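One chain follows as structure tokens, the form predicted on its own.
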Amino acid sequence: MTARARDERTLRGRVAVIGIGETEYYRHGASPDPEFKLALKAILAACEDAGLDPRDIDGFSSYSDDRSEASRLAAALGTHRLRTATMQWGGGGGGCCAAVANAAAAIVAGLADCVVVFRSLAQGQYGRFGQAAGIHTVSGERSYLMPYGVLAPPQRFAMRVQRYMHEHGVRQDAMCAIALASYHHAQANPRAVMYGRPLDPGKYDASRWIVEPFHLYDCCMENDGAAALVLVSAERASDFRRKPAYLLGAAFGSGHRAAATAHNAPLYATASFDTVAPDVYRMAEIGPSDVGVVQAYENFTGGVVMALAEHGFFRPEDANDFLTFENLIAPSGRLPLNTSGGNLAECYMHGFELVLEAVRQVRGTSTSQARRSDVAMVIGGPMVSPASNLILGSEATL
């Protein structure tokens, strides 16, 4: 491989987000629209935000087996042609950043010029994410868990978090601070499902246990809606309506035998970013101290604790000191977190609303703007495999 070819094996500064869009967010089962229509609405909103003719889209990227197929979307939107269609394999919400990376890679490789990344959910149409009902046969990991009553995601992930808390002395207060910060930011965001419904420590403590160590407010919501963004090459970014947010780095994957069944990974108490976090920093050519604001996927708050530590923002032993309400709120906390409300309080759009909020931070248009927002990180679903992350930056960071 030539030196030039090695230098070109990066996404850094080569692709930009030019438009973002979303539908109204609903409680699970409450959307008046079917899932496909929700996807179209979000994509059209992203095109309007960018000042882009939807017919110029030539690629689609999503994750977690989104049911709105690329060919059908292209036909409904009247695109001139379809050149790329990518689905991130496995990992559920851990793929929310990987889907952006796959779209960016397609543009850099010359496979497409204008790619939409999206996620849509209508749980009234297809059933609730958080329920295990209606399963008649099981295989793989579930066959080791469900016969023993481990049926739902909170049960599966609680064991990993409990182990992490035991090994590093993490207290419940650290997880409470994450929930409080998300709800605090949601009160400034009229789009948030929990807008007008604040959370305080007493309410958190009094909420029922779902499965220890998770209280009700440690767990993500279940929602209907859709979110989308539009990517083009960096050379074209200034041609559109909005301030672009440039992709500085992206990574996905997991460590050695991370998905060994059942709950038998060599590194058990992990958010699955032990190998992925160094990769994203290497591509972005920055370190943790350069990141001004983070959107971290909260399937459960304990996973956020683990993911932030694995991204180098603090040592696991320092989690209790770092993870305080004051440190996690915009504008001037040490690390403003989930500034639109996140999965806990804005919406559970399988994490993709977090990517849109990172774009807003770089643009300077968030409802809870961080003081340092030129570099914004998104951490996809923790404790799954493969997991993913990305870093966005302003033009000044290139």
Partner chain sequence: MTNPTARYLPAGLPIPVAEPDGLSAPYWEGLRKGKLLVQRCSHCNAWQFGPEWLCHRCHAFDPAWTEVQPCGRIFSWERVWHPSHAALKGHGPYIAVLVELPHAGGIRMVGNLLGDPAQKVTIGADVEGVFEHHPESNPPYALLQWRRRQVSSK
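Residue numbers count along the first chain shown, from 1. Quick caveat, the model's predicted, so the values are computed rather than measured.
Just so you know, the form predicted together with its partner chain exists too; it's not on screen, but the next bit is about it.
Out of 273-281, 183-191, 73-81, 161-169, where are the residues with a heavy atom within 4.5 Å of its partner chain in the predicted bound form?
Partner-contacting stretch among the options: 161-169.
Using heavy atoms only and a 4.5 Å cut-off, determine which of Pro147, Gly110, Gly202, Gly196 is in contact with its partner chain in the predicted bound form.
Comparing distances to its partner chain in the predicted bound form, the residue within 4.5 Å is Pro147.
Under a 4.5 angstroms heavy atom criterion, identify the one residue in Arg315, Arg236, Arg241, His263 near its partner chain in the predicted bound form.
It is His263.
Using 4.5 Å between non-hydrogen atoms, is Ser289 touching its partner chain in the predicted bound form?
Because no heavy atom of Ser289 falls inside 4.5 Å of its partner chain in the predicted bound form, the answer is no.
How about Ala206: is it within 4.5 Å of its partner chain in the predicted bound form, going by heavy atoms?
Flag for Ala206 set to no.
Hey, in the predicted bound form, does Gly140 get a heavy atom within 4.5 angstroms of its partner chain?
Yes, Gly140 lies within 4.5 Å of its partner chain in the predicted bound form.
In the predicted bound form, is there a heavy atom of its partner chain that lies within 4.5 Å of any heavy atom of Trp89, even though the partner is absent here?
No, Trp89 sits far enough from its partner chain in the predicted bound form that none of its heavy atoms falls within 4.5 Å.
What residues in 185-215 sit within 4.5 Å of its partner chain in the predicted bound form, counting heavy atoms only?
The stretch 185-215, when checked against its partner chain in the predicted bound form, contributes Arg208, Trp209, Ile210, Val211, Glu212 at the 4.5 Å heavy-atom cut-off.
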